[in-house]
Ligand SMILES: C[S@@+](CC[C@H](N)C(=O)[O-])C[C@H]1O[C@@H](n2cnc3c(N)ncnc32)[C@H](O)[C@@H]1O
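Only one chain is included here, represented as structure tokens and corresponding to the form predicted alone.
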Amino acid sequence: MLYKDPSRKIEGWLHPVCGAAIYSLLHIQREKGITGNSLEIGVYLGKTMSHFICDRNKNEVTIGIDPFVYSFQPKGLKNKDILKQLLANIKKLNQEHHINGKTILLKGYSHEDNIINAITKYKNTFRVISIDGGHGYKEVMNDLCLASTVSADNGVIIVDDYCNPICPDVTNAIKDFLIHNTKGRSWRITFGIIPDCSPLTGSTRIFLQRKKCQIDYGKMISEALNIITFQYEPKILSDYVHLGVDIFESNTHIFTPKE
């Protein structure tokens, strides 16, 4: 399987291995006949969301939630309205890939009532949800609970910055969600890419699936990554090894850098 990264010209933080894992997940869903909408909380300029957009069928919707005013400060972007650049990126994707379906951008925060109401109209339809919004404990927990509420039964939740030492609230929120939260106890970690990294590399993602889901996404993503080829960075996976480990009483497939 050849990974043609649709996001490589979009500024942001998505490691090629993480991008390939998302691409593999979407490929698996297509092969299994799984259809549905996609959602991202924390869009920035659309680097991760571009994978959802380019994979979409004509009857599917991709929704992005973001205030679209960036408060971090790379390359002078502090407090800059980034919506215009995001729209330009989506337009370019359409020109290059002839994308299907519809993209809906919701300006605001995922805890706001109007945003929640707009999302819950699509309840039980999201086959993939990416969480990369606020990295505080309360924000991550809120996003996980919202994702659990609106996800399809065979959907997957992807969370950024798990096991990142400078974002401990993300890891703590996921742990408490899976162990102590009523909604979270029906989910498990199925796949992860967990290197020693920082947010600037975008090289960590954790994938969650419902325990009752009959598809072993982790095993299938792992198998896909072991045979995938990269159009633009062909040697990148040689720096990673695959491990099967037990996390929170569930078998998890982990890719991590070689020592």
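Heads up: residue numbers just count along the shown sequence, starting at 1. Just so it is clear, the structure is predicted and the values come from calculations on it, not from any experiment.
Although not depicted, the form predicted together with the named molecule is the subject of the following passage.
A.B. asks: With the distance limit set at 4.5 angstroms and only heavy atoms considered, check whether 47, 109 and 132 all reach the named molecule in the model of the complex.
C.D. replies: Contact check passed for all of 47, 109 and 132.
A.B. asks: Looking at 145 to 153, 109 to 117, 84 to 92, 182 to 190, which lies within 4.5 angstroms of the named molecule in the model of the complex, counting heavy atoms?
C.D. replies: Of the options given, it is 109 to 117.
A.B. asks: Is there a heavy atom of residue 227 no more than 4.5 Å from a heavy atom of the named molecule in the model of the complex?
C.D. replies: No, no contact at 4.5 Å.
A.B. asks: Residue 218: heavy atom within 4.5 Å of the named molecule in the model of the complex?
C.D. replies: Residue 218: no, not in contact with the named molecule in the model of the complex.
A.B. asks: Determine whether any heavy atom of residue 12 comes within 4.5 Å of a heavy atom of the named molecule in the model of the complex, and answer yes or no.
C.D. replies: Residue 12: yes, in contact with the named molecule in the model of the complex.
A.B. asks: Is residue 67 close to the named molecule in the model of the complex, meaning a heavy atom pair under 4.5 Å apart or at it?
C.D. replies: Within the cut-off, so yes.
A.B. asks: Only one of 63, 206, 54, 43 gets a heavy atom within 4.5 Å of the named molecule in the model of the complex. Which one?
C.D. replies: Flagged contact: 43.
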